[in-house]
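Consider the single chain below, provided in structure tokens and representing the form predicted on its own.
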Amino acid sequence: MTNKLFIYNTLSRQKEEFIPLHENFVGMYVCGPTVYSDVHLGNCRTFISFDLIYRYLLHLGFKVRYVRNITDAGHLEGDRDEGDDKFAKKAKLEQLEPMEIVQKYSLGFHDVMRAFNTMSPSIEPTATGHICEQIEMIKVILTNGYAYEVNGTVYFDVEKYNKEYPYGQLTNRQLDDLLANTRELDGQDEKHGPLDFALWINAKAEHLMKWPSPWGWGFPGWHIECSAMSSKYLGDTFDIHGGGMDLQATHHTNEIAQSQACNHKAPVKYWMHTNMLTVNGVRMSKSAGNGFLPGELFTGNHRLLDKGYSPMCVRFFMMQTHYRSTLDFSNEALQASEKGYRKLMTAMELLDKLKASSTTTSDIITLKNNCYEAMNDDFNTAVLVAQLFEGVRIINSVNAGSETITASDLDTLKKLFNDFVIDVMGLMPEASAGNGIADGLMDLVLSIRTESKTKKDFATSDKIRDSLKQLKIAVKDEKDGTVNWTYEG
């Protein structure tokens, strides 16, 4: 067994031995949700993957500062420098203040994260809470000569930056190739170059979210937020930066550029990215009409789903595929995962009842070594799951009397399963997922039902009620508008 941990670094495009900048301490930043709508499954996969990485680093004995931000300002439609702010647009549609939108979807995001049993990050900073830090960073970039101001908007000068640093290094693309693939956009005439992006955007009079700055009233660009918050809490250079692969080409590329232009050093040692989701082999997206939200996945309330799947089943399903591989959703795959998850939980219950012998015919040490080798190989949960099911086979064989195990090896096997199934993979028996997690899940399901009733979508609200009834969960609508539920199993 190797004790060395190897991580695939997007920047170098190869696996590298993980050596933290500071002994026994890991600084990790993950791009969090943009809270103007319900969190989607692609985001969930990223956050569950980095929850597993966080858990494993803690298991190895590292002290980890895990920072995951909340984007609550500055994210425009189409991720460009022009157009409507996503929060303001949603606020106008729902006739609410933008921060009401932020609060609503932040709470919903945390409900989903609790349902998936993810650990809270060490720090969860918001973009609006760090406007001063972003302004100060922009001022330094301007002073260093890598940005310019036009009519109250500050742009980053990509071509000037590229003369000293390779702008497309994260995606291994040359500036000429990137320039050849740009297209003319509204407002392009303000920029010195087509790849230039906004660090600070001048706010129009009707803009709802804006702050004073040296360049007038405005709001930050999307990319500067993460650079400012990561450097504040983790330093100018830190160990791990994570996110979905869709963030590589623009958001993370621009983060690197901003940080180097400000601090003259590479901001991150290891860049990590999760892969995309597909549904029956087709990329999951709103435009394809094949996307579903976590709540729909839990309840089965979607035309592509045969039934609902519990959060623990879905978490287990995600971990059967390596985080850098495409994850394909299908009813067949989810149902197979459901059976596998239950088989794993049943084996863990049986493990506590096994009786030791004076001899061992099972190779527990090799099993343990194989589990660590899987995780030390870029957090390969697919191989880890296969090894754990070898452990399930051993448990069933010992129980049947066809294999034997000593008390010492039995203790090792119990610790192995507790360490990897519970502590690292974050799985729990669904019965013990009750209390806070089940309550959070039920709150989420019932909020979907309430919203359906508000929209007079009574077919959906009735389906949720009837589906819960089949699970022996009774739902009662009170006169004051509250909804109570009880388990009658």
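Note that this is a predicted model, so its numbers are computed, not measured. From 1 onward, residues are counted along the sequence shown.
Not pictured, yet referred to below: the form predicted together with adenosine monophosphate (AMP).
### Selected contact from Met276, Met99, Ala266, Ala333, since only one has a non-hydrogen atom within 4.5 angstroms of adenosine monophosphate (AMP) in the model of the complex
When adenosine monophosphate (AMP) is considered in the model of the complex, the option within 4.5 Å is Met276.
### Query
Ok, Cys31, Leu441, Leu52, Val421: which has a heavy atom sitting within 4.5 Å of adenosine monophosphate (AMP) in the model of the complex?
Spelling it out, the residue with a heavy atom inside the cut-off is Cys31.
### Message
Only one of 373-381, 213-221, 340-348, 276-284 has heavy atoms within 4.5 Å of adenosine monophosphate (AMP) in the model of the complex; I'd like to know which.
### Response
Going by heavy atoms within 4.5 Å, the stretch is 276-284.
### Query
Can you check whether His40 is within 4.5 Å of adenosine monophosphate (AMP) in the model of the complex, heavy atom basis?
Yes, His40 lies within 4.5 Å of adenosine monophosphate (AMP) in the model of the complex.
### Task
Answer for Gly168 alone: is it within 4.5 Å of adenosine monophosphate (AMP) in the model of the complex, judged on heavy atom distances?
Answer no; every heavy atom of Gly168 is more than 4.5 Å from adenosine monophosphate (AMP) in the model of the complex.
### Task
Please check if Leu247 has a heavy atom lying within 4.5 Å of any heavy atom of adenosine monophosphate (AMP) in the model of the complex.
Because a heavy atom of Leu247 falls inside 4.5 Å of adenosine monophosphate (AMP) in the model of the complex, the answer is yes.
### Query
Is Gly243 close enough to touch adenosine monophosphate (AMP) in the model of the complex, meaning at least one heavy atom pair within 4.5 Å?
Gly243: contacts adenosine monophosphate (AMP) in the model of the complex.
#### Entry: Residues from 327-343 in contact with adenosine monophosphate (AMP) (non-hydrogen atom within 4.5 Å) in the model of the complex
Going through 327-343 in order - heavy atoms within 4.5 Å of adenosine monophosphate (AMP) in the model of the complex - there are no hits.
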